[in-house]
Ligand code: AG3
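Here you get one chain, nothing else, as structure tokens; it is the form predicted on its own.
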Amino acid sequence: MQLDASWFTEIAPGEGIAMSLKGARRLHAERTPYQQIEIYETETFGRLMAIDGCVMLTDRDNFVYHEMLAHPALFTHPAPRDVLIIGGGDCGTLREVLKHADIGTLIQAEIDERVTRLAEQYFPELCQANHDPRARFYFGDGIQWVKEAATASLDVILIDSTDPAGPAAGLFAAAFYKECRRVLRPGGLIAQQSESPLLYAHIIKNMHAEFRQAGFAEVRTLTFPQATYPSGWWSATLAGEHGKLADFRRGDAEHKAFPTLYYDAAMHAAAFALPPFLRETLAR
């Protein structure tokens, strides 16, 4: 079927796949020093933010990604207090983190301030926690922020980045993970978005190797559906120093004091069950 100009289409030519959303009307477009940002209104998925032609989020399905990047890590850590988000300029992950009442400080290091300003304008529901007194914003290079951070000053680092190319490429390397390990307190952990298991299993495998090279004792990947990302199936990868990522505070997750649409204790446990092909890829 030939699509007309009212469809937004993201094409991944190397993978031979494309995803389209009907009735896309462009509301905003700008070129920043880092990337091209566009905002669309679509017929069935609400508003859409695209960066360099790739879907970052839509109104309809962003909750899955944001909940599954934030809550598994926070319920795995025994007592998270101080959290860093690298990237995450749309502030959806920040909103999820700050649902946890025991969080003391949340720093968000986003390289492109315009992502956040446009999210505040076009996705205000994601930015509801931006004025929470626990939230601090740093607009600059997250890798440099970590290099300058004090040793053993954080409990959890969430890497909510774009694909491993351009400004985000250094966020997928052992040298960066070593700095993160230095900054984490004992028992600290990292959670990072890690692409589609179907299309990019090699990226996930490489991340596991880079985390282990950086000194992390255990690395585990969880998966979840994400309708508007390539293949409709996405992942996040956790790394910790003490080999306890299979455990989480199940009771706290079952009785959490805030609402979620996708995450709960059952989904937390189920998300770490990987299909044979992915287990075998990661074991090679």
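Start at 1 with the first residue shown and count on from there. Everything numeric in this text was worked out from a predicted model, so none of it was measured.
What comes next is about the form predicted together with the ligand, which does not appear here.
Do all of 82, 181 and 240 end up near the ligand in the predicted bound form, with near meaning a heavy atom within 4.5 Å?
Judged in the predicted bound form, none of 82, 181 and 240 sits within 4.5 Å of the ligand.
Only one of these stretches, 157-165, 96-104, 204-212, 117-125, has heavy atoms within 4.5 Å of the ligand in the predicted bound form; which one is it?
Checking each option against the 4.5 Å cut-off leaves 157-165.
Quick one: does residue 55 come within 4.5 Å of the ligand in the predicted bound form, counting heavy atoms only?
Because a heavy atom of residue 55 falls inside 4.5 Å of the ligand in the predicted bound form, the answer is yes.
Mark residue 264 yes when one of its heavy atoms lies within 4.5 Å of a heavy atom of the ligand in the predicted bound form, and no otherwise.
Looking in the predicted bound form, residue contacts with the ligand do not include residue 264, since no heavy atom lies within 4.5 Å.
With a cut-off of 4.5 Å between heavy atoms, is residue 65 one of the residues that contacts the ligand in the predicted bound form?
Output for residue 65 is yes: heavy atoms within 4.5 Å of the ligand.
Can any non-hydrogen atom of residue 193 be found within 4.5 angstroms of the ligand in the predicted bound form?
Result yes; residue 193 sits at the interface with the ligand in the predicted bound form.
Which one of 229, 45, 248, 40 is close to the ligand in the predicted bound form, taking close to mean a heavy atom within 4.5 Å?
Contact check passes for 229.
What residues of 87-103, in sequence order, lie within 4.5 Å of the ligand in the predicted bound form by heavy atom?
Residue within 4.5 Å: 90 only.
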